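Have a look below at one chain only, the form predicted on its own, in structure tokens format.
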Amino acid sequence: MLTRKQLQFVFVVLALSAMILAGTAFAKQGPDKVVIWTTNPSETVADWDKDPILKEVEKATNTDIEVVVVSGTLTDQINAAIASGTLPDIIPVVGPDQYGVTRRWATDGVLAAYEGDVAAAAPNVIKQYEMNPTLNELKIDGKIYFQPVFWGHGDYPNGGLIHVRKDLLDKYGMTPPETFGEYFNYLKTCKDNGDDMGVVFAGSGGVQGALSAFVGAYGVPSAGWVKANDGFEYWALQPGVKQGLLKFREMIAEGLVHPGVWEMNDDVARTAFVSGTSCSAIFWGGGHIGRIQNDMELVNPDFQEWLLPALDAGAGSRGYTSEPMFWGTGQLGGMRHNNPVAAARVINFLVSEEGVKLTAVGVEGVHNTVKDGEIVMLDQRAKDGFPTEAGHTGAHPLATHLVSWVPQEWQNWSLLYGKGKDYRDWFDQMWANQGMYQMPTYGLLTMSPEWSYFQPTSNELVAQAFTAIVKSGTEEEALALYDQFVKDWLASGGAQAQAEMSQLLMKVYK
């Protein structure tokens, strides 16, 4: 039998052994492994394993991050990863056209919800939903599954914005148009003076031009759902849409639309405006404002773009379509092999003020320095994965396609870097014009079963009918085509889908 002293010695040895084993296990555990997929080729990052920005993120989140660049159709890749049990911990941005797919992943249980320990690890994600009630449309059964890949945290107009040339307005002795009549007069004057081949617009040609042309002009948004008759109705069925299509048809009939517009993509349309081929573009806003102007100056220092506030069509209301300031969502893998809590820590840091600043300007003392209260970029940025365009002020590719498109405040900082007061004043005015008149939208982010099933048919009906309307030979024919479209849309399943979506949206917007 062991003496009391011997027993005490044994207990001490066992306790020390347990402590050593626990310490060994903790040491072996180390940082949590997190696998991130990205669709961004990131040619500026030579080696992700050695990337200094990624190292800073790992340090801040106690993680060991593996970045995997994927190509091809992202949803196909993710479905294959689900089937094989290799789903990444962080899934990159999936566009809004795939909301039905992402919602199915969530309901199938392969995505992690921001609840419990996951929510506790990502308070910044939860805060985004608190700051913008529109994001509640993304919830499934009241749960948050999706990180909006954002550039801002509110609702603001972004597409279908009318850009003109201020230098041409000055040349013709005109003030910036306030009404569609004044805008048409500007386009005609440009054409008569040989300064224009017609207005161009963002999108892939076809119906998108019609959508952009009337957005904000007739008191209805160009997407989503409209509050009407104690419920919600689809935007394309509103009376203002009919009038907007007639107005766009008038533009075509009078030769004010670029003849090649039906085949143009965004890049071609933008080039036509920047180069002076077109005196107006119905295009995107935000950071595009400054980038368009910067490129214009390379073509001709006298070129000056001007973003018009939403035009007045005399219908009693005006406003560009307002929408949440994000495109697509990121997701957390929720399968057995995933570590959603660690992944949530990474996302939480990247969307924090500290994380956003890190991916925007890098590490102070290495990639930037502060002089007289202003951030000054250093040459090391170009060597450490930051894009070299725009005066070395582009953001690091780690955040792009993952959690943000570079928040607007840092886009603006980048565009204004090194600029003088006149440019800054102009830029502020353009931003004010962009949001001066706004039309709210609803239901852009949510799906009901009936609407999910009917939406492809709806898209096809809208595209076919609206293209035929704006190309029709007479106004009477255009009106008849629109009225027939409404009948076809309702009869093809739209009536049931609209009724179901109306009930769902009335619950969201009590």
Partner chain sequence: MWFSAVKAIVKEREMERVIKSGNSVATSKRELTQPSRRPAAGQLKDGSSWRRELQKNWQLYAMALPGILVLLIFGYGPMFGLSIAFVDYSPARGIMHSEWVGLEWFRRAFSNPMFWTAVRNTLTIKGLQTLIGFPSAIILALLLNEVRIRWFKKMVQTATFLPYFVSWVIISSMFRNILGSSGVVNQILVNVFALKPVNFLTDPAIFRWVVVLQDTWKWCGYFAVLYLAAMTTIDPALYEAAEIDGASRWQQTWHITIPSIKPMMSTILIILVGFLIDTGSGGGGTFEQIYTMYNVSVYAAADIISTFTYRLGLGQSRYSLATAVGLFQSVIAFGLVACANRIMKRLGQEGLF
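Keep in mind that what you see is a predicted model, and the values were worked out from it rather than measured. Positions refer to the first chain, counted from 1.
Another form, the form predicted together with its partner chain, is not on view; read the next lines as being about it.
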- Query: Out of 340 to 348, 245 to 253, 283 to 291, 72 to 80, where are the residues with a heavy atom within 4.5 Å of its partner chain in the predicted complex?
  - Reply: 72 to 80
- Task: Considering only heavy atoms, tell me if residue 464 and its partner chain come within 4.5 Å of each other in the predicted complex.
- Result: yes
- Query: Can any non-hydrogen atom of residue 203 be found within 4.5 angstroms of its partner chain in the predicted complex?
  - Reply: yes
- Query: Are any of the heavy atoms in residue 456 no more than 4.5 Å from a heavy atom of its partner chain in the predicted complex?
  - Reply: yes
- Message: Is residue 422 near its partner chain? Define near as a heavy atom within 4.5 Å, in the predicted complex.
- Response: no
- Site test, 101, 104 and 450 vs its partner chain in the predicted complex, non-hydrogen atom cutoff 4.5 Å: yes
- Query: Looking at 395, 121, 110, 138, which has any heavy atom no more than 4.5 Å from its partner chain in the predicted complex?
  - Reply: 110
- Message: Which residue, 230, 374, 192, 263, is the contact with its partner chain in the predicted complex, using a 4.5 Å heavy atom cutoff?
- Response: 263
